[in-house]
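Here's a solo chain for you in structure tokens, the form predicted alone.
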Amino acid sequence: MADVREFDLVVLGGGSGGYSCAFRATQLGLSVALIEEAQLGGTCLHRGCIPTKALLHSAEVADVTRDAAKFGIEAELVGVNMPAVLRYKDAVIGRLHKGLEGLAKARRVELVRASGSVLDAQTVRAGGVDYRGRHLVLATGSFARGLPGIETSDRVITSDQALSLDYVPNRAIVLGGGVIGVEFASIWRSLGAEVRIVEALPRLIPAEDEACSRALERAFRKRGISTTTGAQVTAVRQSDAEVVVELANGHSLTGDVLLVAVGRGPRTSGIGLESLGVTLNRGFVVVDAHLQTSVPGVFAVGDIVPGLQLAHRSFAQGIYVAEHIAGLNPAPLDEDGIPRVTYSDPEVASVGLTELRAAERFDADQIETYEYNLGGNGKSQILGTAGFVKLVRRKGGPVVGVHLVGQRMGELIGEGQLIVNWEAEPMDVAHLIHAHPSQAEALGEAHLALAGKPLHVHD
């Protein structure tokens, strides 16, 4: 018979949603067992957000070096040392991982380093021990999806393998034009690869506003990244020398590497959820407004819950569940108010409703939009970036969507989320003073224009 240990809360999974739930719960006086079979930090820290952004920064340094003469600096890009790039990436991950481990210890979280399986609504068995809690939180994360009939290999890879690739492919094919696909396409192009993207839907980053998709596609063409949209893959053939992708339109693409970037699936199979009676939908855990599953006392957070698969969403959900269990009555999370960033070059950042979704929700004649081109923004001209700020507003009412394209736009979306979540009207923001010269001024200028008093644009 297995040993039994009792806690207020048992959390299965130590990614962004799991560890945030555990840390917040101990702050609130609850005893917590956090069960993680791999490394604390999960996909975000080890196979997602942090490693990809480290590679993107190395890619940015390569671009800046290559273009240094434009800024009056004599420099030359001699080459890309991918093993050194990977060491830099791994060092960043290592420092953050060490910090998380220290926080877990400081928060008095019982960290269990073992694979766990759910026995009932209160018990997870891990490492031969039964961890029982008054509440159970599922936070098992996601995996890189594949496609039927396409086998992975040294040449056909997922994003997990791409993060450890110790060379820059000469010719890379990216299957999937969502966030993961365009970020890796941007990385490889900056590092010197010829890149082609194949997307089954009509445009890149299809979840974003259509204007953002068009701007990204234009920027990618200018950078030499070719894009084929509305294209179905019919076959993939690979040899020791190359990989060939056959398309339904009769065309074929040949490359050294094929990245399959068709999204991430929920890690919910094989952990006991079926026998527990938790309702699933295509593998995702169905939850209510409090993130409780169909089984009382069992909650789910993060990538296994339908919706945006974003680390900061998972983080917020983990905190919410801990506070709900502790009886603090936290405000439910608004999915529309969660900021989204694609960290390609240029970056695409957004929060709130796209123009299309706003028109569907409020009727098209009740929607007003405005685009402010970064060509009129001094700091953007200094950086040499192009793009825009697009606002979506209910006529006579608040701004319901902020959409940004350009370098460093991810750093502006923080103000954008305040505008949308606080239901600010254009004049509310127009009254604010933005530092000069800064890219944040573009947000101010866009709101000035939407408030009826444009300054740095033609009337």
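Being a predicted model, the structure only gives us computed values, none of them experimental. When you see a residue number, it is the position in the sequence shown, counting from 1.
There is another form of the same protein, the form predicted together with a small molecule; it is not shown, and what comes next is about it.
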Given 96-104, 337-345, 356-364, 110-118, the stretch touching the small molecule in the model of the complex at heavy atoms within 4.5 Å is 337-345
- Message: Taking any heavy atom pair closer than or equal to 4.5 Å as contact, tell me whether residue 178 reaches the small molecule in the model of the complex.
- Response: yes
- State yes or no: in the model of the complex, is some non-hydrogen atom of residue 325 no more than 4.5 angstroms from a non-hydrogen atom of the small molecule? no
Query - the small molecule contact in the model of the complex: residue 198, any heavy atom under 4.5 Å - result: yes
Check your understanding: Is there a heavy atom of residue 309 no more than 4.5 Å from a heavy atom of the small molecule in the model of the complex?
Key -> yes
Residue within 4.5 Å of the small molecule in the model of the complex by heavy atom, from 92, 280, 82, 147, is 147
Only hit among 375, 330, 206, 297 for heavy atom within 4.5 Å of the small molecule in the model of the complex is 206
